[in-house]
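A single chain, nothing else alongside it, follows as structure tokens in the form predicted alone.
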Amino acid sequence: MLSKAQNKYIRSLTQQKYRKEYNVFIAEGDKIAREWLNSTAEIKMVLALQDWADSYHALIARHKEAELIIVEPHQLEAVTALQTPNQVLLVVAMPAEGADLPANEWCIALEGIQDPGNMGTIIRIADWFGIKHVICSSDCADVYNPKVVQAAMGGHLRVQLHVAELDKFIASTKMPVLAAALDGESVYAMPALDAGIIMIGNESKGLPAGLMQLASHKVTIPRRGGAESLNAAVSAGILCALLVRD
């Protein structure tokens, strides 16, 4: 049974300030919950419908630290951060941020990505291509926003997420820096690289001039049709597919 205090606590986690205060975040839905329960992540709380809890009793039992609360559908609906509540919601402890930024491997750097769906999808793209690091400017969407976690589909478990001053990181790196730009060189003409930083800018403004100047290459995805631009996450996926090679 979910108490009023627990209800208030979980609902507060839809706000970044409370996620930071309690150092936890929400992961919702059947598939995402099973991924986290299959991991070694620290689970603080499992809210589940009785049928779901019965079906995945063994998974839940792996996390002795987790408090299991059986809820009714209307109780789950009251605390969900999604439009349509699912069968299960986890409260998960935030992992420690990686101490070291990448020095000789592929990574994605994001400047001002503010849409949670784009942010989560880019984390999922990084996970797909085996990219272990995503570096975000301080004005990006919070990587633990419930919509980001939902869109990332478990990517948080395998991708290290950093918040950094991109200008300082880019200026100090020895890796190639490939900045997405409408006026860049065709990505199809780029030589094969063993490592590098794929830098994606804000959905509407793109990358600021200062970061563009720090890039070793400006790259574009050649346009054949009439669309003005590509979605940031779509651009990230195409660039990863063309640049991150065996």
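Throughout, we count residues from 1 along the sequence that is shown. All of these numbers come straight from a predicted model, not from anything done at the bench.
Omitted from view is the form predicted together with a further copy of the same chain, to which the following refers.
- Only one segment in the set 67-75, 138-146, 117-125, 162-170 has residues whose heavy atoms sit within 4.5 Å of a further copy of the same chain in the predicted bound form; it is 117-125.
- Each of 130, 234 and 237 is positioned with at least one heavy atom within 4.5 Å of a further copy of the same chain in the predicted bound form.
- Put simply, residue 195 is far from a further copy of the same chain in the predicted bound form: not one heavy atom of it is within 4.5 Å.
- Using a 4.5 Å cutoff between non-hydrogen atoms, residue 229 counts as a contact of a further copy of the same chain in the predicted bound form.
- None of the heavy atoms of residue 84 is located within 4.5 Å of a further copy of the same chain in the predicted bound form.
- Using a 4.5 angstroms limit between non-hydrogen atoms, residue 223 touches a further copy of the same chain in the predicted bound form.
- With contact defined as any non-hydrogen atom lying within 4.5 angstroms of a further copy of the same chain in the predicted bound form, 188 is the only contacting residue in 183-199.
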